[in-house]
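Just the one chain here, laid out as structure tokens, in the form predicted on its own.
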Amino acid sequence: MDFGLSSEQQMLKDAVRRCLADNCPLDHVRARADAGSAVSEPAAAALHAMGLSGLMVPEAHGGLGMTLLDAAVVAEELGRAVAPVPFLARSVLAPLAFVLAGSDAQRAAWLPAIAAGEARFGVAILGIVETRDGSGVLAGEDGLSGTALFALDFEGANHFIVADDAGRLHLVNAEANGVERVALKTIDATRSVGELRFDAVPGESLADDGGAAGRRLRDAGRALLAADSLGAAEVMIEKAVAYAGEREQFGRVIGSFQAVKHMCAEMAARHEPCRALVWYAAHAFDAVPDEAALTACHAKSHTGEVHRFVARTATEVHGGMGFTDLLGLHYWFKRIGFDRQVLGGPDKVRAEAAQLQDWAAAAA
């Protein structure tokens, strides 16, 4: 039995890689970061032309109707290219929200618009994972009030999917009265995040399912962040091995020194098992939903730790050069750091995994 990607998924992977090589080289990523924007319109337009805006939109609503594993294949390539494009929230989590919790009318109204690139969604569901700094969103008779932290794909969004404190999802127009949008800067200049502040904002609620759809979005987001990290770490290993084969010290390439060999080998040995873990987490979301939350926790926490090691070690192999903007290694380093923390860092996610397996009591 073949447990690898299907031929169609491999073709998707290759097509996205070629598209990003043509439209989003490192110099372009650097230019966008220098301009203060986390969105590359040319790269986003090229991916939209491939139909990726409708990747998770059912065929009946004008999309491709693909699975989360297909989305993970794309996310891995985006991580390889450190592509500054809105994908996680806009192309995956937002359409999933309507598929999981939208009414027939909501699906008919919004899913075709997402596939066409007309409805540009951000997603704010961090409150399902944790609350801090007095944040939280309350849904009352007057609408939504409170603060939603770390809305993903914030730049350019004209609508948001927001989770309230009960985990229920709401659709909010970005221009609605009472909405204050605050762009945030993180270590990763290739990702757009922001804060949403609500003061009696009218919102359109999705299904009252006790927060089940929100938790499913959290699981999908974690699996895709792990996939993105997988691609970023793979590039860092490749660059470290290539540099070790070129850089000379004492008349020898540094890759001939045993210490450097061990560093490169350990990165590869720790990284490679992550691939199956991430692929299975994405596969389980659709095929084995009872395991989705746990496998997403495993993938997110493990890649968070392993790829932090890879990021540090690859930078060390490059020596002083690794800290310069000339190589651009820091873009992958910071991307991995972002992926590690968003929607729960390793400690938080491992604690959830323990609770799911009845190994620990739920937090009060």
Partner chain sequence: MNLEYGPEYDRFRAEVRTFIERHRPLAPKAGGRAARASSEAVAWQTLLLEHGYTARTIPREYGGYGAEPDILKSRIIAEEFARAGVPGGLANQGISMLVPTLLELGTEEQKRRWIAPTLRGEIVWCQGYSEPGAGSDLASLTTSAREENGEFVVNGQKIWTSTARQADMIFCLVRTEPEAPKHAGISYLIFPMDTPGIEVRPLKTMTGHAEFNETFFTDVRVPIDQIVGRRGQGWFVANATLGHERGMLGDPDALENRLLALIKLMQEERVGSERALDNPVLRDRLVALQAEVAAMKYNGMRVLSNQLKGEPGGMAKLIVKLQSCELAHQISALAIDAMGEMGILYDGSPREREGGAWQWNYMFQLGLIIGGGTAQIQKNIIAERGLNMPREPRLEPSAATSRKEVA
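Positions refer to the first chain, counted from 1. This structure is a prediction, so every number in the text was calculated from the model and none was measured.
The following text describes the form predicted together with its partner chain, which does not appear among the structures shown.
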query	finding
272, 280 and 350 all contacting its partner chain in the predicted complex, non-hydrogen atom within 4.5 Å	yes
Proximity to its partner chain in the predicted complex (heavy atom, within 4.5 Å), stretch among 200-208, 174-182, 159-167, 272-280	272-280
Close approach of residue 244 to its partner chain in the predicted complex, 4.5 Å, heavy atom	yes
Touches its partner chain in the predicted complex: residue 195 (any heavy atom, 4.5 Å)	no
Any non-hydrogen atom of residue 113 within 4.5 angstroms of its partner chain in the predicted complex	no
In the predicted complex, residue 249 touching its partner chain (heavy atom, 4.5 Å)	no
Contact assignment for its partner chain in the predicted complex, among 108, 138, 265, 187, heavy atom within 4.5 Å	265
Partner contacts for 245-263, taking its partner chain in the predicted complex and a 4.5 Å heavy atom cut-off	252, 253, 255, 256, 257, 258, 261, 262
